[in-house]
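Only one chain is shown below, in structure tokens, and it's the form predicted on its own.
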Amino acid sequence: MHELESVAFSVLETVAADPVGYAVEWKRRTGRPVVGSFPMNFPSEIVHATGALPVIVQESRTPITEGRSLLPEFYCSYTRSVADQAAVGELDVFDAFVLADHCVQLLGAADVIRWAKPEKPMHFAQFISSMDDPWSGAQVRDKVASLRVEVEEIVGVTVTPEALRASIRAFNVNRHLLRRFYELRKTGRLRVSARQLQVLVKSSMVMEITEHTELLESILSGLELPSEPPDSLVRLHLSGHFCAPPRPELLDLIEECGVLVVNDDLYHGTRYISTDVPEDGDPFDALATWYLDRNVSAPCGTRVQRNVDWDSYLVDSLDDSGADGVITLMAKFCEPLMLYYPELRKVLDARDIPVLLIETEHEGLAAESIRTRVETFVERIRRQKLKVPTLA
């Protein structure tokens, strides 16, 4: 799978591998501030509209050392990595931090940053998780308004409606281009690996968005698409991992087992690029609408909405992509996914949809054990597809 190989992709690959390095270089080049945010629902457009660089803080690949004693061992790898990065100085490039989600473990990591970097502003705009109550829209609009005030104070720049509209357009264009890669993969016309798609999305979380868009356009313009999709591989959907990207080695391992990943609902994937911000009307209200719409476009187990649920969305997504089964990637100690997974499993089992759960950790990868489990899972799907129906 080499369709994406190009100079432009190499640049994105470098940024995805070293997000802090990119932020340092961008800050040196522009002299403007860098603002860190955290998964899953912070509207980066509002920071971008000030001229600062919004960067979603990524899980570091370095082993956790100092941070090991700053959060309980039963916190997820992403939050313990963030705490570690704060303690060892890897987050020094950031001028401030902002977050909108209220995962308990994430708030613990934010508290460590406050402790390690007391001079850095930290604003928590707690977006609600009840999405369709009569007061939901007004609550989110209030939070966006407070977020605007905090960001303006942090950067020292007023967010004008015109600047915010321009930022919204820039991010929408970028999301549209990223979705194009996913659409091509789903049809089988673009043979792109899960690792490569992760690079595309992860780098968009870090780079100046117009710079990232130019590189995406360069890659798309150079693609030579095959006319027929491959039919020898088992088509699978990757699910889970709300905050941090799965290890690239794990994605490679899964695909080495005769798998074609045709869709996902990962944060570093479809979930992140699922929803555009409306470009008409008041742009600040549009950010609130975007937040509420996200749970419709890609439902999340952390949100409550009467007419939307993740398991129904997943079943519909499988019908759309033609995936034969689901591999759920669960970061160890991710409480929202741990609590929701039994319901997800029950629904998939009821529809006879094969599902495999793989738990992931920050350090170490039980590669051969996972390989055996994935190979067994793939063989089970192949046998199921060959099953001849019996006559009643």
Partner chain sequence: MTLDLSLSTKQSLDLSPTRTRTLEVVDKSNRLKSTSLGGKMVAEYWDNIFTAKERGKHVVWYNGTALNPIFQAAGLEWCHGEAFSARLAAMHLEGPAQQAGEEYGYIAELCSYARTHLGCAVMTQKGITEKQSGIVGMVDQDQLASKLPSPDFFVNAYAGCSTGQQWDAMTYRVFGKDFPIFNVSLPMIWGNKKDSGYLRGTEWEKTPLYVEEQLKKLIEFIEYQTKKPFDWDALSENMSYIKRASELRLEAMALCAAAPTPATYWDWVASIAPINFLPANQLLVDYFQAVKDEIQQRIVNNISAVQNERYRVYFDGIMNWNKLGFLTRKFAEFDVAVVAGRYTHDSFWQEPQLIDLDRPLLGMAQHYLICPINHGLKIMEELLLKRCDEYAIDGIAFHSTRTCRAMTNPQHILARTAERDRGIKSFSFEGDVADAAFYKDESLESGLVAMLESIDQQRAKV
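The structure presented is a predicted model; accordingly, all values stated were derived computationally and were not measured. Residue numbers count along the first chain shown, from 1.
Heads up, the form predicted together with the partner chain isn't pictured, but that's what we're talking about next.
The closest non-hydrogen atom of Thr160 lies beyond 4.5 Å of the partner chain in the predicted bound form. Put simply, Arg345 is close to the partner chain in the predicted bound form: some heavy atom of it is within 4.5 Å. The partner chain is not drawn, but in the predicted bound form it has a heavy atom within 4.5 Å of Pro72. Among residues of the shown chain, Val34 is not one whose heavy atoms approach the partner chain to within 4.5 Å in the predicted bound form. Residue in contact with the partner chain in the predicted bound form (any heavy atom within 4.5 Å), chosen from Leu225, Ala145, Leu220, Val104: Val104. Here is the short version: of Thr210, Thr187, Ser297, Gln139, the single residue with a heavy atom within 4.5 Å of the partner chain in the predicted bound form is Gln139. With the partner omitted here, the stretch from 198-206, 298-306, 249-257, 168-176 that lies within 4.5 Å of the partner chain by heavy atoms in the predicted bound form is 298-306.
Within 4.5 Å of the partner chain in the predicted bound form, a heavy atom is found for every one of Trp115, Phe124 and Leu339. Scanning 194-225 for heavy atoms within 4.5 Å of the partner chain in the predicted bound form gives no residues at all.
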